[in-house]
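One chain follows as structure tokens, the form predicted on its own.
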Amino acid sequence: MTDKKQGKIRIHSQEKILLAAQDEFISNGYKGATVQSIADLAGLPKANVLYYFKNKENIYHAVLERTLDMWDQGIGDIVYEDGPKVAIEKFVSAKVKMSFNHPKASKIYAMEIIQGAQHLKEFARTYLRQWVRDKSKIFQLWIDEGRMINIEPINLIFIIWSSTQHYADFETQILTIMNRADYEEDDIEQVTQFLTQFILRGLEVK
């Protein structure tokens, strides 16, 4: 077997394991999840799973790493040159797409935070804290310039995060209330427009 073929098999197997692990951790949490259950969901022998990841903690860290990569790509950006209207439109749109396209990643992240963020404390203390501080300064500049009402920027970021991630983290509740089996294609656009318009009106941004 060539190295190239072995590499493809390895990547494919790891992908199956991580997808199965994501479902297992969402269903049972870190403590309740087992390597055997992950192996069963992946359709692989337990020995194969341990060959690639050694133990449950390594699997969980790999799932969180994938989640943070998606989170980082989907967090959106806030650039002063865009102005408050365009920046908020981009920010909300990116977070809504993240919630609808990668709901499991959002749920894994939320569960980890709810459980004390034992595996994400360094991320929260360094990257995430600095990101919020940097973006809050941009919002404050717009406030000082009279381009939006005087609010607490950090709370604004929290509101955008919570309102957009709600559609992923509480997917079951939302679909049950709406009497649906799944989200529909135009939901992303409708939710994005609603949240964007609601937030911009509240901030008196035109």
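Just so it is clear, the model here is predicted, and its values are computed rather than measured. Residues carry their position along the shown sequence, with the first being 1.
Omitted from view is the form predicted in complex with a further copy of the same chain, to which the following refers.
The partner is not drawn, yet in the predicted bound form one stretch among 164-172, 59-67, 42-50, 137-145 has residues with heavy atoms inside 4.5 Å of a further copy of the same chain: 164-172. Heavy atoms of Ala117 reach within 4.5 Å of a further copy of the same chain in the predicted bound form, making it an interface residue. Shown alone here, Lys31 lies within 4.5 Å of a further copy of the same chain in the predicted bound form, counting heavy atoms only. Shown alone here, Thr176 lies within 4.5 Å of a further copy of the same chain in the predicted bound form, counting heavy atoms only.
In the predicted bound form, none of the heavy atoms of Ala94 sits within 4.5 Å of a heavy atom of a further copy of the same chain. Relative to a further copy of the same chain in the predicted bound form, residues Met111, Leu195 and Ile199 are all within 4.5 Å by at least one heavy atom. Looking at 37-59, no residue comes within 4.5 Å of a further copy of the same chain in the predicted bound form, counting any heavy atom.
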